[in-house]
Each structure stands twice: as structure tokens, then as C-alpha cells.
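Single chain ahead, written as C-alpha cells, the form predicted alone.
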Amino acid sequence: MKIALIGYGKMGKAIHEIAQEKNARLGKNHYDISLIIDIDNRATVTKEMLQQVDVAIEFTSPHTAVDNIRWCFDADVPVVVGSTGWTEQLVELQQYAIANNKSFLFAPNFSIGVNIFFEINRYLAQIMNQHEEYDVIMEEIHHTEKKDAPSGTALHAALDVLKRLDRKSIWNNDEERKKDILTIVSKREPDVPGTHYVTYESDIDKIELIHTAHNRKGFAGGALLAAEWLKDKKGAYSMEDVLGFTK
């Protein structure tokens, strides 16, 4: 499978490294990273060059992600997207992909563990909708280079809670707590790949759901899994589709 990496920062390099490790384990060049596109060469890569790959994996920034997605659509190349901070345009791009027979998969986090965390979070919120004595707060901690706050992972988890918990109507990104607001606290610390908390607390006890990433390998491996899954499909998908989870 020929892959284009769009963005060659920490995540792009991690995906490349995991692909090489998997190839060594398989004894063949199953994941062929045949095109690497970053800020230094983006202007020189043509649509025809992009069309030589089976799938593109996009990890850039909130400012460039949408243009890169549209570029892949124009080249009719399936695109797996992990950039966050731009998702106000997500529904529009999903609808375009479906209407125009394109291949598009977005996830705020490709880690298998995080997506299990999402599934448990949805189930827990559904249960807690019947127990109003519990208030809920969320917290996310990332490295100091993280550009968006809250993280895409935290926002995804928060929206899942809001769909299921009637007593919360909106979220905010500060430490002020109000009855109808789901608070997301964002912290930035050196060398933290990502830690997410969902905490329900009453006067008598506390329940915490926590996911802690030790490194970027889980994100990278999940992105490769998603790319392989998407390669021959048309439409708009998520990691819930890849893993067979509910939404």
C-alpha cells in the first residue's frame, strides 16, 4: 500500500517509524511511504504525484488541514485526517465526500485505547443521565506545542457527553463550573503526549475515567490501521467505523 504523509512533524515521523517497524516484522514492504509532503516541498508536489499513492495521511495544523483535504478530494485520493482545531468545517467536508464519492476519514485521535475510552465515555454518560446527583468535569493535558485547546480528543469526548447528558447543554474551556455547562480544563506541560480525564462526582463519591498516552505509537499505529481500512471505500468515516463501535 503506497502512502503519502502530508505533514512530517512529530506525528508524521511517528507514522513513518511505525510503518518501518511493521514492515520489518512482516518481512515485506507492506506500508510503502512513497511520498512525504511538508512545508518545504508542498508547493512542488503536483496532483499527478499525489495520485500515485493509495491513500494519504494528513497531520498538519488547523490552518492547512482543510486545504489539504480538498487537495486530496480533487486528486481522488482517499485521505485519513488527524489534524484538529478546524472541525467547524467537518460536516461540510463529510457531506461533500458522500455526495461526490470521495474517501474521507477523520478522527481526533487514532489510538485504539482512546477510542475504547470514547466508547466507555458514551456508555457512562448514558448511565449518568439518570443520576443527577453527579456533576461532570473534563480535563486534558498535552505538550506545550499543542496548538488547539481544548484538544480534539477532549472536544470529541465532551460532545459525546452532551448528546447523552440532559443536564449539560454546552461546554466551556475554563475552570468556572456551572450547573448546565460541561467544563473542560486544558493544561499544557512539557513532553506530555496526551492525558484525558472524565470525572463524575457527588457528595459521597467520585468516578474517574482516565486515558494516559505513554508515547505517540498508539496514534501512529491507529492511523495506519485507518488508512488500510479506508483504501477501497467511498464516503465519510470515523474510527468508530474502523473499530465497529457505536457513535
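From 1 onward, residues are counted along the sequence shown. Keep in mind the model is a prediction, meaning the values are calculated, not measured.
Missing here is the form predicted in complex with a small molecule; even so, the following discussion is about that form.
Engineer: Scan Asp54, Asp38, Asp32, Glu201 and let me know which has any heavy atom within 4.5 Å of the small molecule in the predicted bound form.
Structural biologist: Comparing distances to the small molecule in the predicted bound form, the residue within 4.5 Å is Asp38.
Engineer: Report the residue, out of Ser186, Ser61, Thr195, Thr183, that has at least one non-hydrogen atom within 4.5 angstroms of the small molecule in the predicted bound form.
Structural biologist: Answer to the contact question: Ser61.
Engineer: Any idea which of 156-164, 173-181, 107-115, 92-100 reaches within 4.5 Å of the small molecule in the predicted bound form, heavy atoms considered?
Structural biologist: That would be stretch 107-115.
Engineer: Do heavy atoms from each of Pro78, Lys234 and Ser238 fall within 4.5 Å of the small molecule in the predicted bound form?
Structural biologist: No, the candidate spot makes no contact with the small molecule.
Engineer: Taking 4.5 angstroms as the cut-off for heavy atoms, does Asp135 touch the small molecule in the predicted bound form?
Structural biologist: Contact with the small molecule, no.
Engineer: Wondering, does Pro150 line up within 4.5 Å of the small molecule in the predicted bound form on heavy atoms?
Structural biologist: Residue-level check for Pro150: no, no contact with the small molecule.
Engineer: According to a 4.5 angstroms non-hydrogen atom cut-off, is Arg42 in contact with the small molecule in the predicted bound form?
Structural biologist: It does: once the small molecule is placed as it appears in the predicted bound form, Arg42 has a heavy atom within 4.5 Å of it.
Engineer: Can you tell me if Phe245 lies within 4.5 angstroms of the small molecule in the predicted bound form, counting non-hydrogen atoms only?
Structural biologist: No, no contact at 4.5 Å.
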